[in-house]
Ligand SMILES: Cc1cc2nc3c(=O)[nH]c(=O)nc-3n(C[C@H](O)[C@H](O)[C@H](O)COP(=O)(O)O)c2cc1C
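Single chain ahead, written as structure tokens, the form predicted on its own.
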Amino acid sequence: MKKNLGPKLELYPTPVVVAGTFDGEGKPNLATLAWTGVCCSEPPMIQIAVRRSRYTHGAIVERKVFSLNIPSKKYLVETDYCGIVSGRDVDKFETAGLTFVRGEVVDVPLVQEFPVSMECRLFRTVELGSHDMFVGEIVAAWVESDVLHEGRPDVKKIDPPVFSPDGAYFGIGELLGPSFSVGKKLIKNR
């Protein structure tokens, strides 16, 4: 029997991404986010939600661009660090030992060590409660060649951490089956 927990965030798991921005002086910054997801296929768009008080929020509002970088779990310490401290106070790239690379399509910092990086142009901002949702159109997706399988990113090779709203990181589990296929067992012959 299910129990009503009230209005709670019980979506399991959520992706872990690291947003990259430049501040008003051109200093690169990173922010770890878990309130994120795909929101449109054509054109490809992704959304992130950021509290208004965060340093990253102001940078996105001002510059109208951001990057999303997907870490592998071997960079979990660096990834978590980028969500603990503020870019107002520290240089996260320097302290975390990460290398910043300037985007080629829009002016955003990308993380060289992370296997996937996307350059995004701000498409829309939606004011919510505690967060504003930024919808970004993906204008370039950079993927390390060693995590590709038949020209597509392979989630097992990327090996990204995922976040549980109860406050823990997990790894990707076993392959359960191909999407848009396993459910065909329930389609009756016509």
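As the structure is a prediction and not an experimental result, all values here were calculated from the model. So that there is no doubt, residue numbering starts at 1 and follows the sequence shown.
Note that the form predicted together with the named molecule isn't included here; everything after this is about it.
J.: Please determine whether each residue of Tyr75, Phe93 and Leu98 possesses a non-hydrogen atom within 4.5 angstroms of the named molecule in the predicted complex.
T.: Judged in the predicted complex, none of Tyr75, Phe93 and Leu98 sits within 4.5 Å of the named molecule.
J.: Would you classify Ala34 as touching the named molecule in the predicted complex, given a 4.5 Å non-hydrogen atom cut-off?
T.: It does: once the named molecule is placed as it appears in the predicted complex, Ala34 has a heavy atom within 4.5 Å of it.
J.: Using the partner position in the predicted complex, report whether His131 sits within 4.5 Å of the named molecule, counting heavy atoms only.
T.: Yes, His131 lies within 4.5 Å of the named molecule in the predicted complex.
J.: Would you classify Ser86 as touching the named molecule in the predicted complex, given a 4.5 Å non-hydrogen atom cut-off?
T.: Ser86: yes, in contact with the named molecule in the predicted complex.
J.: Within 4.5 Å, heavy atoms only: does Asp107 come near the named molecule in the predicted complex?
T.: Contact check for Asp107: no, nothing within 4.5 Å of the named molecule in the predicted complex.
J.: Look at the stretches 117-125, 62-70, 45-53, 152-160 and give the one with heavy atoms within 4.5 Å of the named molecule in the predicted complex.
T.: Correct option: 45-53.
J.: Listed by sequence position, which residues of 134-155 have a non-hydrogen atom within 4.5 angstroms of the named molecule in the predicted complex?
T.: Nothing in this stretch is in contact.
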